[in-house]
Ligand SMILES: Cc1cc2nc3c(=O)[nH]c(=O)nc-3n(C[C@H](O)[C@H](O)[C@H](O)COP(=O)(O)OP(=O)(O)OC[C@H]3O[C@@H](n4cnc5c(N)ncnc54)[C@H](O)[C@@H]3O)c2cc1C
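A single chain comes next, written as structure tokens; it is the form predicted on its own.
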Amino acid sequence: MTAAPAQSLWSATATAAPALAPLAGPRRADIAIIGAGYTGLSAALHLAAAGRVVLVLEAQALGTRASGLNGGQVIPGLKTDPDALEAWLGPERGARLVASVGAAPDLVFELIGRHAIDCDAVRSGWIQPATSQAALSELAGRVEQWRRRGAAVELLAAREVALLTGSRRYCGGLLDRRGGTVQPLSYVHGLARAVARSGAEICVHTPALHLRRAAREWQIETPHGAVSAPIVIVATNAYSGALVGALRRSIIVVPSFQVATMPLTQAQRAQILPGGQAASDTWHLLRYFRLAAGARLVLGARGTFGREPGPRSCRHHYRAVVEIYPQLAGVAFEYHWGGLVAMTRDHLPHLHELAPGLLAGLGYNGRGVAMATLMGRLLAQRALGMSDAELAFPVTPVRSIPLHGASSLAARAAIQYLRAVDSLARIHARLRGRSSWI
């Protein structure tokens, strides 16, 4: 097994980025947005459609952070099941939230179609393969809850999962036909083009250095001039820094690494994910995988806390590919890369109004393609005056995670512990003759 130097498959295969420049001098806007990922660009697109003057500030080049580095899986819903969400918010508001997050992929694919975004969009569903009978029982409950709400979700037997994935390592699973995949960096580029066509402006290489309230407006200092606006949306998610420290302290940031194989042979491609679905399994440290860009298999999982992934830090990923697909033993890996994921204590995204005219949305817990796009629309609706009661998602206060300064060490320890738990479970399954479920 060999691996190339770190490089993102997405950066190697994406559509060209639109021509963007840094901010040039002081500016005023109706609404300023900090962060040009899915959240910020979706918010900008919806606000510009409502006739607002919008300015988006991006600290780096477009798509160099999570929105351009993720797995490109467009997953419906949240990690919390529908019944629990309704129990939390009540039957009326909870039902609106469930319907909204369940339809988040609809928004993604609607925007792709409306703005003719070239991002290899495929909507053939999302599979959640079960790694144990206990996990399969949980999936059965999840399927029942979604089907009661009319969703195109079904429970799969082991043989059905094997046919859809090409792997015999799972005892069953869930198929959600609402899901799909995109080339994540091309999706960012396409959203940015749509934002520019709508009349909003995106300034790259323009970090927000300081944020303060003055004369009923917000002032954002950057290296290239100040921006003033009565409303500011902070859309920095896992890359929230010192600008709004409360946001950074409300999430735990963990790394996620991905690897991509060399193009599969025609025979391999015919066996592996033949229907084009994406998959995310039920291990404690789940592995997510899909085919992309020239029939390469892409697999991702939680990574180590090094500066960037290399062959040694991705060794668990290389092993996982062959564990799931023994027929790929000896495969060469052409790409490996990584980014950061924002996790919350309650496993839910958060929408905040930090102060009058200061909004933020973050914490997608690994489901950012669909949820961040939806959060951008929600933030736009709030900025346009929609009340908390009218929104399909609650506005909640920011709550710092206790002992946040130690969260990185705790996350490292948790990843190592869960990796050990999963490894022991896989060893136990092999000893019991269950390395293959069919």
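Computed from a predicted model, the values in this text were never measured in an experiment. We number the residues from 1 along the sequence you see.
Absent from the display: the form predicted in complex with the ligand. The rest refers to it.
- Proximity to the ligand in the predicted bound form holds for all of Leu69, Ala235 and Leu340, with the criterion being a heavy atom within 4.5 Å.
- Contact with the ligand in the predicted bound form, defined as any heavy atom within 4.5 Å, is confined among 393 to 401, 380 to 388, 22 to 30, 35 to 43 to 35 to 43.
- Checking Trp218, Tyr335, Trp146, Tyr288 for any heavy atom within 4.5 Å of the ligand in the predicted bound form turns up a single hit: Tyr288.
- Checked against the ligand in the predicted bound form, the candidates Ser256, Thr131, Thr165, Ser186 yield a single residue with a heavy atom inside 4.5 Å, and that residue is Ser256.
- Contact check for Pro230: every heavy atom lies farther than 4.5 Å from the ligand in the predicted bound form.
- Of the heavy atoms in Ala103, none are within 4.5 Å of the ligand in the predicted bound form.
- Not displayed here, the ligand is approached by Ile75 to within 4.5 Å at the level of heavy atoms in the predicted bound form.
- Using a 4.5 Å cutoff between non-hydrogen atoms, Gly179 does not count as a contact of the ligand in the predicted bound form.
- Contacts with the ligand in the predicted bound form, taken as any heavy atom within 4.5 Å, map within 41 to 68 to Leu57, Glu58, Ala59, Gln60, Arg65, Ala66, Ser67.
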